[in-house]
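Just one chain follows, in the form predicted on its own, and it is written as structure tokens.
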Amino acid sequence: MLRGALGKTFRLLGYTIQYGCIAHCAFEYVGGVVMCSGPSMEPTIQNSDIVFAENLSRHFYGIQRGDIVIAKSPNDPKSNICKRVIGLEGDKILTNSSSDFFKSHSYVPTGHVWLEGDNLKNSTDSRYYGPIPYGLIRGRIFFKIWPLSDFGFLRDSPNGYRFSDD
């Protein structure tokens, strides 16, 4: 009887570990559901919106200008940020001061991206901490799940792009 109980316990433990590994791989490499917090991506993503983030794009360097990404915060590695990709490596970015009176340009170095929130007046982003390494990107958000009234693919930036060709 003890042998049967131990056998069932080890079998259950084995299945738990096996399914845990499968779930970990799915969330790490394929994608998962994420709740966004903070005002930096308003009006595109509101505080407490639930979105789907896929992780395959970052593994295959498929992140493009205009994509919304989840990345590790360069200021606090324990937290994630949700921002829009404004520039890729080699791009020249138009950066404005808070008064919009002084304009300057920044270049995105190799292996980095320039991230900004859609809510430019209330976003801590690359305008403050500079371009971030591509390796900090965790996934690309492309679909809003909740609230149901906004269910669907995410829209383009309300700010346009600040990519500069000159």
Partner chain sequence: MAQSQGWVRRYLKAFCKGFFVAVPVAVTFLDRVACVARVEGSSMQPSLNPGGSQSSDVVLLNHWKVRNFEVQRGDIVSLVSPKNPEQKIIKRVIALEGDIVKTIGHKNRYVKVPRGHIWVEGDHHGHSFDSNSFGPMQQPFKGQSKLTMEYLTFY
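All values derive from a computational prediction rather than experimental measurement. Positions refer to the first chain, counted from 1.
Absent from the display: the form predicted in complex with its partner chain. The rest refers to it.
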**Message:** Taking its partner chain in the predicted bound form, would Gln64, Gly66 and Arg155 all count as contacting it (heavy atom within 4.5 Å)?
**Reply:** no
**Prompt:** Contact between Leu120 and its partner chain in the predicted bound form at 4.5 Å, heavy atoms?
**Reply:** no
**Asked** Might Tyr107 be said to contact its partner chain in the predicted bound form, defining contact as any heavy atom within 4.5 Å?
**Response** no
**Message:** Can you tell me whether Gly90 touches its partner chain? I mean in the predicted bound form, with a 4.5 angstroms heavy atom cut-off.
**Reply:** no
**Message:** So in the predicted bound form, is its partner chain close enough to Val34 to count as touching (4.5 Å, heavy atoms)?
**Reply:** no
**Message:** With its partner chain taken in the predicted bound form, which residues across 126 to 141 come within 4.5 angstroms through any non-hydrogen atom?
**Reply:** Pro133, Tyr134, Gly135, Leu136
